[in-house]
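Coming up is one lone chain in structure tokens, specifically the form predicted on its own.
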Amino acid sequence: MKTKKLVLSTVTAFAFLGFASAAPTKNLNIYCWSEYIPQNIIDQFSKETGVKVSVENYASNEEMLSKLAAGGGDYDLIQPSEYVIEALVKDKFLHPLDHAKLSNLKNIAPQFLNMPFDPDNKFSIPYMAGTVGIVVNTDLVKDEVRSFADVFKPENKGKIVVLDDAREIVTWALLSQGLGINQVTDKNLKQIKPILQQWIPLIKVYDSDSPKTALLNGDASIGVVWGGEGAILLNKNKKFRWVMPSEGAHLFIDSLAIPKTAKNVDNAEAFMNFILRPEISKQISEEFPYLNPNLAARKLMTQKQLDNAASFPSDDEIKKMQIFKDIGTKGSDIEELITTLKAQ
């Protein structure tokens, strides 16, 4: 689920890396978001192919990029968000895909193919998409909530859970001022700083891995969370309500891609094609109900799943959403701003 700011200097550190050569093995090393690929899917792939899969998780694109740049890990498959793929393609860090081995790519909805960050899907395939929205525990919050401004009100102090994601938080403030989510300039950051100075002291919990937990256990009564997390809350209890912020929202697209340094490219592509199978993609949605870009998988889903507003925003809502672009070194400015304000 999921997106983070990008530090361009981190990405360019990959430029010296070349293709790794190694004899074919029955291994696959995946570096992916936490709570995003069900263990039973990993087990099914291993049983079917004989490939031993190792999985390591990260909570942000920055964590992944920093580890790769430092030479840590030995990964065959990563799960970057859209703007990160844009930067990685630019810096020639991704292995081009063999579409002859990806016969199931035809199952993906056209609107999620040939995106600007990877034309012709030369380097990536869509995994899951989604957005960020507001979840309200209506048993505890009686005021009408329509916007980010309604979340960050003094009366909600100590009741709010949000994503631990600097770029997302800055995005909400930009949207509250009618600014685009990629308009990260010195002037605009200065403009929204007073807003963030008001908002951040109100927040009780920062959690990008499982923000639903604070809402389920009562530590928070209102939150700004990933759509998939919101969908789980809606399924668990009718007291939870999903709200698309009136100011707008960010549409994220998380994909699977192969690092240039991968040693098990064939196994990585086999896993990609496996994930694209309708029945497999459906199982992923059952555990992690994000916006599934796999049309063939949607045909296997129940009407209740398809009607979950947090999983599947309406076409009109999607048209109003914006996609993150690579903002280069401005990503570090965002991180510095939020880190400083948290410490105050």
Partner chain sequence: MIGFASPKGERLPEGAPRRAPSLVAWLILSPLLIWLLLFVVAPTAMLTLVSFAERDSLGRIIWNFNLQNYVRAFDWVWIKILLESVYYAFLTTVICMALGYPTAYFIGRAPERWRGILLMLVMVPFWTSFLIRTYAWINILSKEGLLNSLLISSGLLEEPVAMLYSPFAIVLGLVYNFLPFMILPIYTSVEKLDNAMIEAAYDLGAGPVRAFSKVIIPLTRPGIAAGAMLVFVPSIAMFAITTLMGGGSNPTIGEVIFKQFTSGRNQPFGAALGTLLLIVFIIALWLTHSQRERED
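Residue numbers count along the first chain shown, from 1. Because the structure is a prediction, the values reported are computed rather than measured.
Absent from the display: the form predicted in complex with its partner chain. The rest refers to it.
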query: Its partner chain in the model of the complex reached by all of S60, Y206 and D326, non-hydrogen atom within 4.5 Å; finding: yes
query: Contact assignment for its partner chain in the model of the complex, among Q197, S103, N114, N217, heavy atom within 4.5 Å; finding: N217
query: Proximity to its partner chain in the model of the complex, single hit among L174, V243, I258, A87 (heavy atom within 4.5 Å); finding: A87
query: A310 within 4.5 Å of its partner chain in the model of the complex, heavy atoms; finding: no
query: Exercise: Q322 in contact with its partner chain in the model of the complex, heavy atom 4.5 Å; finding: no
query: Contact of N27 with its partner chain in the model of the complex (heavy atom, 4.5 Å); finding: no
query: A69: touches its partner chain in the model of the complex, heavy atom cutoff 4.5 angstroms; finding: yes
query: Option from 249-257, 224-232, 90-98, 115-123 whose residues, in the model of the complex, bring a heavy atom within 4.5 Å of its partner chain; finding: 90-98
